[in-house]
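We begin with a single chain expressed as structure tokens, specifically the form predicted alone.
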Amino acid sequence: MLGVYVHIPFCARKCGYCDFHSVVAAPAAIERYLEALSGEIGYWARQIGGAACATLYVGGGTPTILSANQLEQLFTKLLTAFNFEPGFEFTVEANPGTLSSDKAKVLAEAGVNRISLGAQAFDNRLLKAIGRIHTVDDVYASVELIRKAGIDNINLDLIEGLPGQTLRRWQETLAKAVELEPAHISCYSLILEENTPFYLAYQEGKLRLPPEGTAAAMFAHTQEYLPQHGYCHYEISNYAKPGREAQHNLIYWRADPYLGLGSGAHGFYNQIRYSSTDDLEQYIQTWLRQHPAFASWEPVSREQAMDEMMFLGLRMVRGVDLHRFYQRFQCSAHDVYGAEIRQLTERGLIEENDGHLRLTKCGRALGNMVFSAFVR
């Protein structure tokens, strides 16, 4: 499977916790960026030579900050340039407060069949505290617009462990999310990334996060509550109604190839790992001249590919497909990681079941430690 990711690095406002590549830009800069992106789309279309693509994901930033006309032109370019399989998953990220009926109509008419909506919380005090531009009412309005346009595969992004968030407030957020009956819910734990306003405020003692025990209780409640309401827990942070798993994200977790287009995007194709510059002006200048300038470009060794298949696959609740590992590398995962597998199994952090190596419930809470054991 080959996926295509397209990065739109623009937001109405930069959130205090966010370290994704995004900027607040003038309309003229957005137009120039889209022109440069069009050049990169053409470049990659020529590189892959008509290869079938299984998914398309337009993320950011905030893709729905673009105008309806800009969205329509971008989608037309992408759908014309690449050979997408029939019925492919076409996801666009949207933020409440940036979606209109005109934009929703453009999304639906272009064939977008999945929307990932950045709700983050169902609590206006928390939304204001973390710098979101929307309210809870905007979340409800956005869901209504999306469904009226005919798109029923909706993901809600939520964040647990926010400053001032209690277990009860997290439980209320989950309950309100479930009441909307989205097809998919992503629950991410807040991580303080260096050089973000939240990180700096925390270092200065100006930001108070929930106690470690409360954060653990939020994680545990999520794992119990969502499956009780029909959501299958299929990846550490992701839950889906049956058959509604995020196909594009599964490409990442299975270590399959994908193209990354746009400033700051990363890709993995033909055993090459690459990234594009996150200097917006440099990105625009190089692609307007049709002279690609990648920030990094390196071959992925067989050893690296094995490691990635292990630690990415372990993010999935089902785990690493050991037969698929053997098919890809012509050796057993036990031959390569025998000592690590034995030690982690003895500690009750991983287990083998139905041909898959997976995290135990205890292992999910210590995922990063387990993953690091498979990085040589």
Partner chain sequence: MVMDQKLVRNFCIIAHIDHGKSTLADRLLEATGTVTKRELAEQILDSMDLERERGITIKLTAVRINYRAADGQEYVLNLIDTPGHVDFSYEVSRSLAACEGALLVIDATQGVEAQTLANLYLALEHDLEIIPVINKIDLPSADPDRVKREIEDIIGLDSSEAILASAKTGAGIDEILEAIVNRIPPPQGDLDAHLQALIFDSHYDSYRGAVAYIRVFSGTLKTGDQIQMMSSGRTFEVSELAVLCPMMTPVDRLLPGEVGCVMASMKNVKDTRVGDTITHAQRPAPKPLPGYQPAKPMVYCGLYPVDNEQYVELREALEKLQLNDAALAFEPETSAALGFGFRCGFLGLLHMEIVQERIEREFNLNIIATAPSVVYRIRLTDQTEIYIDNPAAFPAVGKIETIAEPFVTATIMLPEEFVGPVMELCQERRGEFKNMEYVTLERVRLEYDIPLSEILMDFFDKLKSRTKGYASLDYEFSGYRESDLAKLDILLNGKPVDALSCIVHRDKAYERGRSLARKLKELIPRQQFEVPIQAAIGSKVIARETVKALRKDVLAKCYGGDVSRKRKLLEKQKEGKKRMKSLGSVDVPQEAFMAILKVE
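Quantities reported herein were computed from a predicted structural model and do not represent experimental measurements. Numbering follows the first chain given and starts at 1.
If you look for the form predicted in complex with the partner chain, you will not find it shown, but the lines that follow are about it.
Across the options 187-195, 122-130, 147-155, 82-90, residues that bring heavy atoms within 4.5 Å of the partner chain in the model of the complex belong to 187-195. Taking a 4.5 Å heavy atom cutoff to the partner chain in the model of the complex, the contact residue among Tyr234, Tyr258, Phe75, Tyr231 is Tyr258. Contact with the partner chain in the model of the complex, defined as a heavy atom within 4.5 Å, holds for exactly one of Ala141, Ala110, Ala215, Leu200, namely Ala215.
The closest heavy atom approach of Gly16 to the partner chain in the model of the complex falls outside 4.5 Å. The partner chain in the model of the complex is not approached by Asn353, whose heavy atoms all lie more than 4.5 angstroms from it. Within this chain, Leu349 lines the site of the partner chain in the model of the complex, having a heavy atom no more than 4.5 Å away. Put simply, Ser67 is far from the partner chain in the model of the complex: not one heavy atom of it is within 4.5 Å. Counting a residue when any of its non-hydrogen atoms is within 4.5 Å of the partner chain in the model of the complex, the hits in 290-326 run Glu298, Gln304, Asp307, Glu308, Phe311, Leu312, Arg315.
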